[in-house]
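What follows is a single chain, given as structure tokens, in the form predicted alone.
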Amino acid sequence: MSDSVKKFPIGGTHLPEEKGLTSDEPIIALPVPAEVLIPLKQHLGVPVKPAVKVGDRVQRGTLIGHKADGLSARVHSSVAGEITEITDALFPDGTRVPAIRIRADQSDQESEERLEPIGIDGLSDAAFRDAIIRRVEEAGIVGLGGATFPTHVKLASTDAIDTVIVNGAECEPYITVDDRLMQEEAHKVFRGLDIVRRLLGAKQGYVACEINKPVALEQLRKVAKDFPNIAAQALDTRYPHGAEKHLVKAVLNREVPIRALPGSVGVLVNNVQTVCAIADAVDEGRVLFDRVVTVSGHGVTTPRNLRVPLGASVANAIAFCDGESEPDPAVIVGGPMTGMRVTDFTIPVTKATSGIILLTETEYRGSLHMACIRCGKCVEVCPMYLPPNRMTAYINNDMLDEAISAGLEACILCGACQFVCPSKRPLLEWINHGKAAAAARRSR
């Protein structure tokens, strides 16, 4: 493990972490609910096509969504049971997507459909690459840090990659999914990283972890000795270290250009849970039908880290954590910086759901929509060196060209500006509106 503690050089902020609520809580399985509602779009791209019909019986791991034309990732059943409906599901942003409802058979949850493990030791480089990319596609693996880009497409990139970084920064408050995985399954994290490194022909790999996760860092230090060419790298605690471009800058001091991906500077970044899923798919033939979710905040009675079947509802997870600790907490799906507040708790857990955060009224304070006092704090903390105050003024006055010139398209939507704003202005919401308007104009 590198003795140095690295960080990106300019911008960012220190947040109230609140990770102590769950950092010592081991990952436990959420009991299988009576039914699940599994969206057919849990990835960046287009919905997959149903591979089942009403009345069919499925096992855990059964393919229920075929890969569609266009960017997509397969979807599998998370429970054993019967298909009762092909309908749609509500997402936190208010949109609806096609979905499959399954009534779980509580007496039959032990059986699981798996693929054959892949024996990779004797494969040539070309055969190894083809086998792993095919397996990742078969398993329906996507980026589990929240972006949900189909991982088989990412691994098939033609960029010349010399370094693979596993993103264990996990810099949002409350969320401890990656922390617990690095504590409990460090060997699997390195195994998945090593598979990706070999596939891409990269000479080196790092697992990057902020120093506010000391137990995870110690586990990474121990396991790294078993993996040549891979190391653990400590990061300072600063938001947003988990943003890809800032992670690359911190670990390697390489600058990813605006509107470019890390591959442009020879780097591929994967999330901790993603490389664990890759290791499971290769070594055990396991497809992706569940994920680890942190349920936390002072508004929930018993904060926990849960392994949740995809399609279980937000309500299922909250109930298993003994419900709300006080009436009407604000419920955020995702992290408190980048997630979305929801009021309909039938929303299903998907491959994108890293957290369900319940905030008390004291913790959650909505925007007061006060005037900008021109303090410049938003500019000071912006990790992309942008002027959020100017951009949002342009957006709110329908001056889209000026907002783009001020850097709208370079914004990574981390929310640091909104966090430090003394006027509690909804800067992130406004910037999202501006980005949507710019995207709509490009599509015309």
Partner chain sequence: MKETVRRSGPHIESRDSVRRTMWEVSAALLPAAAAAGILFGPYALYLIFASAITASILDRPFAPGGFSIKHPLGDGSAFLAGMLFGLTLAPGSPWWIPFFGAAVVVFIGKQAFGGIGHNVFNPALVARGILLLAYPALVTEWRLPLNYDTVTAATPLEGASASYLELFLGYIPGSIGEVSALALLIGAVYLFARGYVGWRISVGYLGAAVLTALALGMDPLFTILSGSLMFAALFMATDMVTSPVGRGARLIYGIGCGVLTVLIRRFTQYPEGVTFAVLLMNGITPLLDVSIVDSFFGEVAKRRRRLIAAVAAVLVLVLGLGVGFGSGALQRLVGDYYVDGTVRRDMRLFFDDAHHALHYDSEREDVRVEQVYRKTEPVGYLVYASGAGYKSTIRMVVALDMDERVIGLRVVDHGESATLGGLVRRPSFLNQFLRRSTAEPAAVVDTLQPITGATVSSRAVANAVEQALLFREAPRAPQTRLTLTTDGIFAGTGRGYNGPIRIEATVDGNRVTAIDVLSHIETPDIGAPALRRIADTVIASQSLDVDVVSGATASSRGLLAAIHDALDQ
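Numbering follows the first chain given and starts at 1. Here the structure is a predicted model, which means the values were calculated and not measured.
There is also a form predicted in complex with the partner chain; it is not shown, and the following applies to it.
Partner contacts here mean any heavy atom within 4.5 Å of the partner chain in the predicted bound form, and among 356 to 364, 206 to 214, 190 to 198, 98 to 106 they occur only in 356 to 364. Of the candidates R134, R341, R307, R114, R341 is the one whose heavy atoms come within 4.5 Å of the partner chain in the predicted bound form; the others do not. K249 is the sole member of K154, R286, K249, R129 with a non-hydrogen atom within 4.5 Å of the partner chain in the predicted bound form. Mapping the unseen interface onto this chain, Q418 counts among the residues with a heavy atom inside 4.5 Å of the partner chain in the predicted bound form. Of the heavy atoms in D121, none are within 4.5 Å of the partner chain in the predicted bound form. Taking the partner from the other structure, the partner chain in the predicted bound form has a heavy atom within 4.5 Å of a heavy atom of S405.
Among heavy atoms of S23, none comes within 4.5 Å of the partner chain in the predicted bound form. In the predicted bound form, just one residue of 302 to 333 lies within 4.5 Å of the partner chain by at least one heavy atom: I332.
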